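Before any questions on how it binds or moves, here is one chain, the form predicted alone, in structure tokens.
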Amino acid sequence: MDVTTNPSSDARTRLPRFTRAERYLHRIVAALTFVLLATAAALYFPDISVLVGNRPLVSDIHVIAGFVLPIPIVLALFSRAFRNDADLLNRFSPDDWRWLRARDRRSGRIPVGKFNAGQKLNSAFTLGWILVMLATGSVMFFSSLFPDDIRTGATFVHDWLTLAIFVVVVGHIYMAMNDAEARVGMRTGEVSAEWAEREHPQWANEQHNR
């Protein structure tokens, strides 16, 4: 595979990182997550609820977005690239633990593959919260089918997990805002070889050897 656009400059070499299907999945999940957090805030905090108004409509949007969220992920399983990346995200190696403990984790010293340990943990948390929120949300929506203790527990988990999701999403956005090339990779599907060799040296080497 020819991954260079200008052989005279390594800095201008572009490596393919994400397919169009993966990029659109990321955008759809991000948009639905934003809708869920925004509507949750409008439903939970009285001051915001008063400003927004029309609580039933906000509740309907929240419920619909929650039930729709898993659908694009299931559809993405038809993409081989997504399945391959999901397999990589599911593998935690000794080097990943080294990466988490290292202060110079972004120096290129540790052989990081396509995804670093932080990205793997974030993806695991994201999949986990989607499943848990779908389960607890379903209990709350179909409340007449469940006893009081189950409904109370589901509401408790749903509310507190929402706070954890908000914190992680803010952290994810903060990290993205401090890495312009990572944002380019998610927007265009390609990253510079220089960035890849610094942030994901093992993966960059695999790409060069193809």
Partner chain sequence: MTWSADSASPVSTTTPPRRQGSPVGRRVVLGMLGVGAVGVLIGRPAQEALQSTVSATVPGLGAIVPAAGGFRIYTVTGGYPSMDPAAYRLEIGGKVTRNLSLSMQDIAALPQTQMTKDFQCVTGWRVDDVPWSGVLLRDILIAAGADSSATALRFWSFDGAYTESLTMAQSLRDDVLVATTMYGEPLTREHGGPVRMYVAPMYGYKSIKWLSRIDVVDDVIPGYWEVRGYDIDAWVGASNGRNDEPIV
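Residue numbers count along the first chain shown, from 1. Fair warning: this is a prediction, and the values are worked out from it, not measured in the lab.
There is another form of the same protein, the form predicted in complex with the partner chain; it is not shown, and what comes next is about it.
Put simply, of V50, V170, L145, A180 only one has a heavy atom within 4.5 Å of the partner chain in the predicted bound form, and it is V50. With the partner chain left out of view, the stretch that reaches within 4.5 Å of it through heavy atoms in the predicted bound form is, among 150-158, 64-72, 23-31, 172-180, 150-158. Of the heavy atoms in T136, some are within 4.5 Å of the partner chain in the predicted bound form. Proximity of P16 to the partner chain in the predicted bound form: non-hydrogen atoms within 4.5 Å are absent; the residue sits far from the partner. Using a 4.5 Å cutoff between non-hydrogen atoms, S107 does not count as a contact of the partner chain in the predicted bound form.
Although the partner is absent here, F82 sits far enough away that none of its heavy atoms falls within 4.5 Å of the partner chain in the predicted bound form. Taking the partner chain as it sits in the predicted bound form, the stretch 120-145 comes within 4.5 angstroms of it through a non-hydrogen atom at L121, A124, F125, L127, G128, W129, L131, V132, T136.
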